[in-house]
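To begin, one chain is listed below as structure tokens, in the form predicted alone.
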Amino acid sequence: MSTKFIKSKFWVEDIKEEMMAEVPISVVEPWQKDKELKYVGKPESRKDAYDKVSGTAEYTFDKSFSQIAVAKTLRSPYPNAVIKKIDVSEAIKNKNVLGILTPDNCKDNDWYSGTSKLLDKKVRYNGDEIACIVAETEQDAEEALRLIKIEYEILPHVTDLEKAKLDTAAKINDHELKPREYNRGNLEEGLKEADIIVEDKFSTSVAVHNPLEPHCSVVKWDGEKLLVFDSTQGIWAVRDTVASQLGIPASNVRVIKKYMGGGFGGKLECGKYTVMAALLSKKIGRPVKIVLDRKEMNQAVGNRPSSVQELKIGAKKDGSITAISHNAYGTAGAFPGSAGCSWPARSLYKCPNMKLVDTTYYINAGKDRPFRAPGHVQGTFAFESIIDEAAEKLGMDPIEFRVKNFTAVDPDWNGPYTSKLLREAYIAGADKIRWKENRKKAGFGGGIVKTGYGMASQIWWGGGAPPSYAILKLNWDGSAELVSGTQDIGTGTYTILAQIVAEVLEIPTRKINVVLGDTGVCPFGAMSGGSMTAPSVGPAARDAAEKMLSKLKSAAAAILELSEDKLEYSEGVFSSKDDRSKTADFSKLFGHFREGVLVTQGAREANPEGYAINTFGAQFAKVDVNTLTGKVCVKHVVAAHDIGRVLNRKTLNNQFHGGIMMGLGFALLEERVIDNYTGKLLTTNLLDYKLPTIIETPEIDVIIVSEEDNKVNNIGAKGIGEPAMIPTAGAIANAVYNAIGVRIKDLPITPDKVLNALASKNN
């Protein structure tokens, strides 16, 4: 494979990263929009559907081995303390207890950017890891944990964001979190130019990922080799972290993940539990399984940070935005992280003058982790709310105001986008929900139940990037196997990759086996997060398939004694353009080969120079608000998006429905609650931490206004995992305001907040 190394630039959250990546020198031409595709874009059922609906799919949670032992973790009951003494003598008396890790006998390895140890005598939140026990059964392990005696020095704590800002706040760790500031033009001059200025303050709660399958690992040693089954969105991150923590070669660690019951960003990094299980497995010479329970899931494996956002917008009478100020702050938990959420204000609309500041504070709580469009969900809710406020003050329709400030170029560097069809999304979405006919003045109408309509815009990256590779193996009977080191996290990756190969080789997807999620047999592939997977690995799969077709064509030309330009190809058969009797199918070609399988490797090409790669969209919501109970019911959501080429309409709809429901949960239900006095987490299960169910599911329409983005990659596709969720909460919040005429500025929008807002309006 002819390749070269380049510096690849891409975005991680709101930070631009640069790394070396190997890319092909010869780039495959994208499919043109007028080309009729046979497999790609079609609503094909998932290749893994039968396994999942029949119950035969084996998740990490289901994995077991002969003589497997079970590990459980002891977690801190206090939010901030120093462990003075640990006594495990009673715990190890149980004959079924096989091994214990404590800060006294555990590897003294750094964790969380060097701010803590794998097991640390300094505990920083309710749920922080203290010890890990492996036993014959889960019950044995849990009983032994209760017998460990610990002497603590309890320290002052802080779990309230406003108190965390004070100089007198409890010290949590020494790693400094510096504010991030972005400036464009001159904010004060822009405000002076404005005819109207709107200021407001918004806030959002901490949200927890809570995937159906909890974080879990199953590990097994074979001599110096370690096999890890892990419920992860990044098999390579797990491999490298485990190898580093254990001090063994990465080649000695094999990580496998075939099926996974959700992650949403929380499983992008390796957990301490995986390393502890590996250490205990080595110690006892048996396989070890560790599964976190729902309380641990809410305490210790990540969250979407809270936010407080102070916004100010200046605009002229004609609707032109002259200035934007966005001062945001939030919580990172007890370890380094980021609560930044100002990017939508920075990039959604044309504005020459702005100042954006993101500040993150430590509190004694679990660490933040990426959560389906980190920062953008919180930021879009607040920014799109104040955009509506400015439009109302100017007497403009919210869509008209947004279109007035549309920008065809990236505001940061004034360069073009590979594609941007946001105006088309406005038109399609507004038409579907009958915006002009249905939307009335805010608070209009009588009756107990009031109906409102709202919308919000969306921007995300989602263009993917190198490096990602795929290996394609073709057999004599026309069956094939595609191998790549990415993961299918429930989004349909197995299926879309098969469709891409099928499109090039013109063979049915049922004859294509796709192998993913195994560092032992797969070449490197993209992590499954940030809407990266399809636009990163898909082009590598197509590159491998095109190379295979080229190899076959060369062989057919030699066998038929014709030049390649005299050949046609269709559904596994090469034929002469001039003499249809001269043909060569796969069986005939392989009859002339020594090898029984042909192999090619494809790579993801470089992103185009001089372009910004983003996805765009708008979502529209219809809500009913009961003014007696305060309950908000979302009746209809229309999602109109520009995401490049649709690879599979069924899996696309699945993604959008799931993202919209997650956005609905963030808008109306989800909130992590910590008791500020004790520092203890109160929402430890799915009874207290509310998630949306089928009862809350509205009518959902998904409209894709794009056909392809042929500048971005050879399949013309961008990712949709994050765009599906980003604007939902903002659209719902604007619809609630339209219904009742008073704005709820703190998420989630719970009945008590609605009733209090209505009461204040009427006073």
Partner chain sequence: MKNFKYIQPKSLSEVKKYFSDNHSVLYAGGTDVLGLVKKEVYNYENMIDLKSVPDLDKVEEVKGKGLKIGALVKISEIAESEIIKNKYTALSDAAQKVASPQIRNMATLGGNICQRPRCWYYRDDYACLRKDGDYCYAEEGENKYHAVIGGSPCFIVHPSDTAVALMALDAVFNIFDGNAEREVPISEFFVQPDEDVYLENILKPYEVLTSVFIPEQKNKVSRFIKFAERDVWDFAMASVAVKVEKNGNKITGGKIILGGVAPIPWYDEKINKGISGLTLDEKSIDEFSKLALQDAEPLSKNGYKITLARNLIKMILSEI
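Residue numbers count along the first chain shown, from 1. For clarity, every value in this text was computed on a predicted model and none was experimentally measured.
What comes next is about the form predicted in complex with its partner chain, which is not displayed.
Residue contact with its partner chain in the predicted bound form: Lys393 places no heavy atom within 4.5 Å of it. Contact check for Pro751: a heavy atom falls within 4.5 Å of its partner chain in the predicted bound form.
Within this chain, Ile427 is remote from the site of its partner chain in the predicted bound form, having no heavy atom within 4.5 Å. In the predicted bound form, at least one heavy atom of Thr684 sits within 4.5 Å of its partner chain.
From the list 277-285, 625-633, 223-231, 190-198, the contact stretch for its partner chain in the predicted bound form under a 4.5 Å heavy atom rule is 625-633. Only one of Asn183, Asn96, Gln139, Ser550 comes within 4.5 Å of its partner chain in the predicted bound form through a heavy atom, and that residue is Gln139.
Only one of Val673, Leu562, Leu155, Ala555 comes within 4.5 Å of its partner chain in the predicted bound form through a heavy atom, and that residue is Val673.
Taking its partner chain as positioned in the predicted bound form, the only residue of 283-300 that brings a heavy atom within 4.5 Å of it is Lys295.
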